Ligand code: NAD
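Presented as structure tokens, the chain that follows is alone, the form predicted on its own.
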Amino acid sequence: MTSFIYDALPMRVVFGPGSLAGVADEVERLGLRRVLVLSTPEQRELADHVAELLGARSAGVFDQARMHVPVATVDAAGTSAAALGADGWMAVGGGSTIGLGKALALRTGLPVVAVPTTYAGSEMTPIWGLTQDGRKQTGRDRAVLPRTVVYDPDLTLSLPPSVSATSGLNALAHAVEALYAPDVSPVVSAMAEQGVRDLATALPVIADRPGDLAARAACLQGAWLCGACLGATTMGLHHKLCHVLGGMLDLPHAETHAVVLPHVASYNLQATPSAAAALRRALVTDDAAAALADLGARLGVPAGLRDLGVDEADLARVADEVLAHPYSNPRPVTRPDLETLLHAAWKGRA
């Protein structure tokens, strides 16, 4: 008999096509009166639409969310919210915007409602991140959990297949790492396996038929499950490496996860047979790491870190930073092993 602890996270989920129309009801349910809508500049039009749906409960729109959540952006959003008298946040967008909402919740204690438009899955975790002076700091705090998440597959129909691919692989990476986390449980393992299956099955459909609403919904469900897995377990080498690469070199978040995923999986799955078996079932393969690399190739994601603009000379200081702070991992990480992994990820999928 297996003994385990599963710490369930409080979360209200509203899922289904057209569910965006009910955002005002969700805000009212939380007792909020003036919510500041957050977005990136590229999603300003959607943010304005959400503000219209909120009506008198909208305090306005802050559209300067940025990747990796720079501290300066959090400062600017906080100043804007204070001037507008906001009592909550409505994060509409992908991981950058939801990350901003979580950072603001950490700082102010005001609640967040999340409306994801990508498959990042971060809306399901109590993990926050802030970047300053080229270093990304992360932590866990239940205060940053969105009180409600509104999953509307209609909002992802305009997401380009290339962004869908990297976003989905980012979420899939959460589940892969959760499967071999030290605090994994049967509940997390079941969610992770299904999340991987959902994404690995639906993402190629979206690549071929971007307007397939059923596949879009399956990806959102997979992102939900994979994000919940990350929220319930301890991060290891994969997330540590991606956070260092992103913060130090300002790399695109989802693309970095997509590139690094098969390499860390290959390294760690050798030491975690149960995780490897779950992934083989979910991916219908005899070699999970190779299947993850093949999936990335099928979806057309960048092959290696050099395709993201990383200079090979940067890898040594990335290794320094990764090794400088201890973290959980199922297989010990030595400097020679880490450098080998980094150079393989830099070159590409082989």
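Heads up: residue numbers just count along the shown sequence, starting at 1. Source: prediction; values computed, not measured. For the two forms, the rigid core is made up of the largest set of C-alpha atoms that agree within 1.5 Å on superposition.
Keep in mind the form predicted together with nicotinamide-adenine-dinucleotide is missing from the figure; the text below concerns it.
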Checklist entry - Looking at 260 to 268, 183 to 191, 75 to 83, 159 to 167, which one sits within 4.5 Å of nicotinamide-adenine-dinucleotide in the predicted complex if you count heavy atoms only? => result 159 to 167
Checklist entry - Looking at nicotinamide-adenine-dinucleotide in the predicted complex, is some heavy atom of each of T148, C229 and T233 within 4.5 Å of it? => result no
Checklist entry - Which one, L155, L237, A218, A114, lies within 4.5 Å of nicotinamide-adenine-dinucleotide in the predicted complex by heavy atoms? => result L155
Item to check | The unique member of E52, E312, E28, E42 whose heavy atoms fall within 4.5 Å of nicotinamide-adenine-dinucleotide in the predicted complex | outcome: E42
Next on the checklist: At 4.5 Å between heavy atoms, is A303 in contact with nicotinamide-adenine-dinucleotide in the predicted complex?
Outcome noted: no
Item to check | is_contact(K136, nicotinamide-adenine-dinucleotide) in the predicted complex, heavy atom dist at most 4.5 Å | outcome: yes
Checklist entry - Going by a heavy atom distance of 4.5 Å, is H253 a contact of nicotinamide-adenine-dinucleotide in the predicted complex? => result yes
Next on the checklist: A173 versus nicotinamide-adenine-dinucleotide, in the predicted complex: is there a non-hydrogen atom within 4.5 Å?
Outcome noted: no
Checklist entry - Out of 62 to 83, which residues reach within 4.5 Å of nicotinamide-adenine-dinucleotide in the predicted complex, heavy atoms considered? => result M67, H68
Item to check | L251: Cα shift of 2 Å or greater between the shown form and the other one (core-aligned) | outcome: yes
